[in-house]
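One chain comes next, on its own, written out as structure tokens in the form predicted on its own.
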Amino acid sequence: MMKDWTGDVMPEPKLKNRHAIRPRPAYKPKQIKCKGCGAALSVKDEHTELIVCEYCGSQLDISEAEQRVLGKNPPGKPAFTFEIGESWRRGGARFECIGRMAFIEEGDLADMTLSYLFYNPRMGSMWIGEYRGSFSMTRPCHVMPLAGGLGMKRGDTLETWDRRKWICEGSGVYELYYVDGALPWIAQKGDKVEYAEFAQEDGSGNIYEIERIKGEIEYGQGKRLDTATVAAATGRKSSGGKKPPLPKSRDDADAAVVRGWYLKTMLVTAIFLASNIALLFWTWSAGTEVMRQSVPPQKLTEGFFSKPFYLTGNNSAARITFYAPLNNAWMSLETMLVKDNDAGQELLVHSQNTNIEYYQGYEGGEHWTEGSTKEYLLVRVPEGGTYRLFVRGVSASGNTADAEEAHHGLNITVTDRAQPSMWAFMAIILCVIILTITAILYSNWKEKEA
């Protein structure tokens, strides 16, 4: 059984006389001497162009016939998790760490991105990335984006030619701060690397990377690695053991997962909002209008009994709607719902004082309003029968505090078997608040540096 670099099982090759095939000779690394200190060094990858002397720290360019010393690392080595020469076992093969790099952004030495080059002479190389204790594995690929790439913001969507969709986790410019071991290209402290990192939209943990290094754009694909996978590959543990433990992860969640959570939350909230708006309209349209009456100001001042109307009862609700044509004015009403009994007497069922006020004007060139010309009462009716309203009221314009009579007319409408709308109205307010907060958090998450 054969496995590829990701650990997936590969189909068994169909070869004739495979037992007669001559085995490959043992791999022998190339030996060179450091021009800086004369130490003997091994070059394990024939594609190596840069090697850093482990004795004097000189960065050696071996891409040409004559070796060149490019410079030296700064004092103080970053806190690398893996050492040069450390093993990584994947798919039944042993990879060896032959190169390490540390990148910073905006000069922040406290928040480094670490990168390790692991090499196998038969299976090539792979890159292990480390950031805040989280690890990923990538290999170069030739899959290009349909459009976009570098410079995209977190949360933006990218599609590649293999028809996979990716969510941007972040983009920016790395600065190479430290390098040691051996690399397949010339790298010096201070080199700039423009990058964009993506997570697959389905939340599978697959990743896609775009980098521009010295004018050349490179692409890579791989996957996130959990702690158990890293521990199994390196023989380390999250704590204890002979080797130093793996660092505790402090990284954010997968960008595709976070973006999906925000979008799903907004979608579900929007559905609930639409449902409650529909429910609110239904509650207002439900019921049967049983009485409508207009009252002049003089009659309202004196107080009056409305026309009789029939209510079903059985603890159903009756909605009483008051409308007054107010403009920068207020109205105060005393309202009583009475029932005519068999003896011709009037039985008080409900009594309530109601205020209506409406003001509007212009300030700073903008129109403003306050209050409403309508007011509603929802009354629980215990039993069916004939009912009437007794209403008395006063009104005044402007900021007048007291009034003795009504200066405005009043329209009254009574609806039988009305549906309470307060819960639907409160649910609408709650949905709007949740939707607004989620949208703000999502916008802030997109703008925040990864």
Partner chain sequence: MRYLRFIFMALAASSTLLAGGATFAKLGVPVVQHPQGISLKQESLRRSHSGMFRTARGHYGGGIRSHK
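Predicted model, so just to flag it, every value in this text is computed and none were measured. Numbering follows the first chain given and starts at 1.
What follows is about the form predicted in complex with its partner chain, which we do not show.
- Between its partner chain and the residues Thr234, Ser136, Thr283, Gln221, the one pair within 4.5 Å by heavy atoms in the model of the complex involves Thr283.
- Residue Phe272 is the only one of Tyr310, Trp185, Phe272, Tyr376 with a heavy atom lying within 4.5 Å of its partner chain in the model of the complex.
- Contact annotation: its partner chain lies within 4.5 Å of heavy atoms from the stretch 358-366 in the model of the complex, the single such stretch among 185-193, 109-117, 201-209, 358-366.
- Using a 4.5 Å cutoff between non-hydrogen atoms, Phe305 counts as a contact of its partner chain in the model of the complex.
- Residue contact with its partner chain in the model of the complex: Trp261 places a heavy atom within 4.5 Å of it.
- The closest non-hydrogen atom of Glu216 lies beyond 4.5 Å of its partner chain in the model of the complex.
- Put simply, Ile412 is far from its partner chain in the model of the complex: not one heavy atom of it is within 4.5 Å.
- Candidate site formed by Tyr131, Ala147 and Ala278: none of these residues places a non-hydrogen atom within 4.5 angstroms of its partner chain in the model of the complex.
- Taking a 4.5 Å heavy atom cutoff to its partner chain in the model of the complex, the contacting residues in 286-322 are Glu302, Phe305, Asn315, Ser316, Ala317.
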